[in-house]
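Given next, in structure tokens, is a single chain: the form predicted alone.
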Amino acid sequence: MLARSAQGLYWMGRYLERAQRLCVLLGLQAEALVDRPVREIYFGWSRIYDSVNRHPPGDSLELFDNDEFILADSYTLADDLTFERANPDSVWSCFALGRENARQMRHCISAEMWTRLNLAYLRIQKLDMETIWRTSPESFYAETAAEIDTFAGVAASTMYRDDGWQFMQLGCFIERAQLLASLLLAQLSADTPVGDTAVQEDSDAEWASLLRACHAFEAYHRRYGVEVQPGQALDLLVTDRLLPNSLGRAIDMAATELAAIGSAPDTRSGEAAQRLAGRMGDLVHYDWPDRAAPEDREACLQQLSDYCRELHNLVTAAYFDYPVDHLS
């Protein structure tokens, strides 16, 4: 496959995964505005911004115990994360960039995939934050996330299983791993030690919302019971091989796609990428400090987050931006 085509499909997978995850987080955040405590609402916004490594409008979040400020600030933050064209990580930008990569790679994807993605893109073009905020913003986020899920289902049932499929999946799983690692780091950095009962209850509710964002709430209940314990929630989201949105599952699938793609034009970078993916899997499944102090888990997650960025760089060097002399 041409490097340009492989890169376009890889980034299409990354952009659409990013848009889908952001829609889920924003949908839960919009629901929280109805009846959740002020601290939990502002923690939710902080967690989202930390996960995409972006400063909010005004450079910081202010915590006001006032319903009018909550709604006004939430409107501004939601607009910045949803429709702001200048924000490369907004839902609109990710959708537009994913769709543009699909448009350029139409010879590599099925006609049904292009139709689904283009229709969803055209729907979003007609909307703005004022329009969706007047009715039900959570419905917009749920519908947009469902459209991306539908696109993924159409891709799974219609796309030819060549290298193009592998690169699209690889982009999706690397993006998922990187975003989840960032979300968990944001959660841990703001987590409150046991002491204040009311604050601890808020912390447990924040972990519960993170489980819902990762579609892991029911799986947690089946394994651990009704009460959400932060340490158990963290272990589930990192190490569970059967949970579709766990960090370990995303890393395993990225390693599988890399192995399926096979040899790279830049052999050294390609082999380094496969070794790093294996090292990440070992760190999650065999070296994860599940009974260690919170700071040890945070350090391990930070290492995994750094590895995700390094893996992306190695994939780029191996398959997309390799020197011309590697072709000779």
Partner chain sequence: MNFDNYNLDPAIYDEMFLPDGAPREYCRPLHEELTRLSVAELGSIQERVTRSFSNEGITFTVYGDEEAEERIIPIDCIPRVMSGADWRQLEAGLAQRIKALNLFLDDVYGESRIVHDGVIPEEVVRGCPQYRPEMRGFAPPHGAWVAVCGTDLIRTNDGFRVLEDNLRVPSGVSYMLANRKAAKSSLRRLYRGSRVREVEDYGRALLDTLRELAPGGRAEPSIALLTPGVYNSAFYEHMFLAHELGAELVEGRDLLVSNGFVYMRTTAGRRRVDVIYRRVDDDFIDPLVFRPDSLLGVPGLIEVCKRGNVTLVNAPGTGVADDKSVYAYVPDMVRYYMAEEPLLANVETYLCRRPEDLEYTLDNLPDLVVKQVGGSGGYGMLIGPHATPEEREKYAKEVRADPSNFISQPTLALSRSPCLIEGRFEPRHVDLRPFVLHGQETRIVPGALCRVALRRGSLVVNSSQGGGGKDFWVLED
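Note that this is a predicted model, so its numbers are computed, not measured. Positions refer to the first chain, counted from 1.
We do not show the form predicted in complex with its partner chain, though everything after this point is about it.
- Annotated contact segment (heavy atom within 4.5 Å of its partner chain in the model of the complex): 118 to 126, selected among 118 to 126, 142 to 150, 171 to 179, 233 to 241.
- Proximity to its partner chain in the model of the complex holds for all of Met1, Pro265 and Asp321, with the criterion being a heavy atom within 4.5 Å.
- With the partner omitted from this view, the residue of Asp73, Asp163, Glu206, Asp80 that lies near its partner chain in the model of the complex is Asp163 [heavy atom within 4.5 Å].
- Distance criterion of 4.5 Å from any heavy atom to its partner chain in the model of the complex singles out Gln104 from the list Thr256, Asn245, Gln104, Asn87.
- Taking the partner from elsewhere, Arg99 is found to have a heavy atom lying within 4.5 Å of its partner chain in the model of the complex.
- Residue contact with its partner chain in the model of the complex: Trp114 places a heavy atom within 4.5 Å of it.
- Its partner chain is not drawn, but in the model of the complex it has a heavy atom within 4.5 Å of Phe167.
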